[in-house]
Structure formats: C-alpha cells, structure tokens
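This document opens with one chain alone, in structure tokens, the form predicted alone.
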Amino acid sequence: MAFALMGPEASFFRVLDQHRVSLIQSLKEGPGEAPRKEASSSEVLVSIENIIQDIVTSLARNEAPFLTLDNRSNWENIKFEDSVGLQMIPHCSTKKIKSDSAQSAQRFALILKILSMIYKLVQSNTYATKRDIYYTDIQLFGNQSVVDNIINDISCMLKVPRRYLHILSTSKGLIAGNLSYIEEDGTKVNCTCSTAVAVPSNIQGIRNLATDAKFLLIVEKDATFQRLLDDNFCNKLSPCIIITGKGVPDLNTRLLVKKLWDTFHLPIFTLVDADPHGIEIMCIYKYGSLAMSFEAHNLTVPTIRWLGLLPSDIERLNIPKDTLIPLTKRDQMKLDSILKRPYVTCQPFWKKEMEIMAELKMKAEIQALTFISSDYLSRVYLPNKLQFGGWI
C-alpha cells in the first residue's frame, strides 16, 4: 500500500535515516536473536496432560499432589542481556503450590480450573479473553488480577508464550499514523494520521503489514497522544506512527511494538513524563519486566531510545519551578530501584538523567511544556529532537 507524503522535506529525516542504518548494521554485526519458543497445539495439550498425570500418580500413592512454579518475582532468577533485556535464567528457584496446604490449596485448585479451560480452548481451536475466564466464575476467582497472574504462571510453567494457550488480552492501546494491516478475520485496517484505532487483540493473527514510516513514537499517556492527534502531529511529520499503551502497557501493545520492529526495523522512541513512573514504563517496552521475563524474546525491543521528556530538559528549557512536582518518598524509592537494575550500567546517559532528577528532587509531566506555548510539544520540541538526534 502506498502512503501519501505530506510531511517535511526529505532532508528533515537525514539523521533519523542514519540512525536506522546504524540499527540495521548493529543487527547484522550482533549475535543475532535467539530462536523464540514455538509450540504446536498438540505439544501444549501433551504438557497439560503430563501435569494432570503427575497429579493422578500422586493421588494413587496417597500423596498430596503439588505444582512447581518458577519464582517470577525474584531478581536473583533474572539475567540481563543487552540484546534481549531481562530474561529468566534456565535453572531458577521455584516454589511449590501444595494441595494439602491451607496457604496454597485454593491457588492449586484455581490453577487446575484454568488449566482445564485452556485445554478445552486449545483442543477446540477457540479463543477466550482473560476477562471471559474471570466471568465464568466471579465468586471463585475473586478478582481479575488472580486470573491474570495464574495465566502467566501457567505460561511460564508450560514454557510457552501465552498466545499458545489460546487466551487473549483485551487491548487498551491506540495507534495512529502511516500503517495498514489485515486482522485475522480478514478485516482491513488503515490507520490514519487524524484518528486512532485500537491495538488488535490478536497480534499473532495480523498480516500484510505495510508502512513507509520513518519512525515510531511510543507515547506514555493517552492525554498526550490525543493532544498530538489534535495538533496534527502525524501529518506534519509524516510518514510516522504513534502508539500509546495508556500508561503501563498491556501485552498486546508491547507485542505490536515488537512486531513493528521485527518487520520494519524502524527507529523507535519513547515520550514519557520526566518521573520514575515514566522511566519505568519506558524500561518495560525496552527491556521488559520482572513478571514477564520468561517471555522476554517475544516482547522486548532493546533498540528503543529515550526522546523525552528528559530531566535535563527541565533546566535547558527553563521550565518554571512552579510547574514541577516534588518527588514523593515512593518516587524516590522507585528511582533508587531503577538505578540498581542491571541494564542501567549499559545506559550511562540514562543514568545521568536519573541522577539529575534525584539531585533536583523534582519531576515534570510532559504538559509542563505548555508553559512555553500550547503546541510547543508538537510544533518545536518533538520536531527538533527528531531532526537533530536529540535522543539517548
């Protein structure tokens, strides 16, 4: 599909094009991506059957059955590779979910309940959302987070990406710009520069992706994303793509960013608040999270760069102090936690920016730029950063 060029002259994208060339060159010179775990439906079914067989065997011996889960909440189980991000080590510490323990008997039963539902979905080649599973028995599960956590535990236990369990997430992300694709059901989607469309719920199923975009901009917050649309940012800097996960990104938004990188090798940038929460969100897109480290190869995009808002921009742009917000104790703890993470050592410029924030003891939202002018973000800040390579 061809896209009309309505943006700046070709010379505007010179530095961006050079950046893209360097990214592709790094891919060629690097170790290459590790093969991703794939699984057929029959393999998933056999894995579940083996778990049930072990339980039946234990019962036949008059022994209390248990399930063994990798400990996904322990940093000691995580290793960092610059080309992948945070990933779980092969032989990590585990925890037992015992059927005869008052503390874990209910969780044991819930895991088996959801395993049986997954088995039926895979066997019948049908799909359900996490929300669908929760609503099958609201009283039993209690709340949605219980279901979400168990599904991730099962995915980790079976050593397969969650999509092979035939369980989908409801997308909350939005995307706009120069992009088209066909969804699994045959629906043709043409994203535009003026109106956002929802991120698909089955990223694995989309095909025939087409774009001539020069870059992809990840926007932390929906309000900022909508403001960029209102300011006609996508048309003014066409061809480009912008996407938001509306805060902490859902799985589908992360999968789509990963798919766009794998397919087109576009330069990808993040626009987040200059605060610990915004930095955390950027790190999730780039290097992954502790909880989902077992699926890092399918989710992380280590080539992502930090475009803004940088803590150093606060002084550089003379943002008034009355638009800044003091760091809370929780903010300071979050910042300290991020500074101790393994990936910070290979990002000295990021570390410097976080040290500036710690020294200022202040944070700034992207909206602080409106003190200069209401459209400063889309008219000056982002175009200048993109044209002259103002990313780290």
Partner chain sequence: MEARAVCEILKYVIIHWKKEAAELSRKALLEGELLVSIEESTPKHRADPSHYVTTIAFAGSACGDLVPKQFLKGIQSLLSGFSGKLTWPSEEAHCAQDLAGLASFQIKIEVDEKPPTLMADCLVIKQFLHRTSIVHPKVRFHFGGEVNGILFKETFGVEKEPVVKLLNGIGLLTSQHHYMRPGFLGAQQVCSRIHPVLGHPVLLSIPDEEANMGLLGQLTLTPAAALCPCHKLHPDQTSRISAAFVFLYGPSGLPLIFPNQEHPLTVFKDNSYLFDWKKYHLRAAPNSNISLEDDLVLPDVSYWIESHERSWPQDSDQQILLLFLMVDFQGGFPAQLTEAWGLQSLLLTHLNSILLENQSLVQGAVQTAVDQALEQHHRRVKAQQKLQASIPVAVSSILSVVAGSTRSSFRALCLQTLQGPFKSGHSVILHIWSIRQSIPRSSGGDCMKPSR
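Positions refer to the first chain, counted from 1. Computed from a predicted structure; not experimentally measured.
What comes next is about the form predicted in complex with its partner chain, which does not appear here.
Checking C346, I356, I338, A64 for any heavy atom within 4.5 Å of its partner chain in the predicted bound form turns up a single hit: A64. For the candidate set K120, K159, K172, H265, a heavy atom within 4.5 Å of its partner chain in the predicted bound form is found for exactly one residue, namely K120. Contact here is defined as any heavy atom lying within 4.5 Å of its partner chain in the predicted bound form, and by that definition not a single one of L310, R316 and L324 is a contact residue.
In short, of 125-133, 295-303, 89-97, 213-221 it is 125-133 that has heavy atoms within 4.5 Å of its partner chain in the predicted bound form. Not displayed here, its partner chain is kept clear of A39 by more than 4.5 Å at the level of heavy atoms in the predicted bound form. Its partner chain is not drawn, but in the predicted bound form it has a heavy atom within 4.5 Å of V46. Mapping the unseen interface onto this chain, W261 falls outside it, with no heavy atom inside 4.5 Å of its partner chain in the predicted bound form. Within 4.5 Å of any heavy atom of its partner chain in the predicted bound form lies no heavy atom of Y181.
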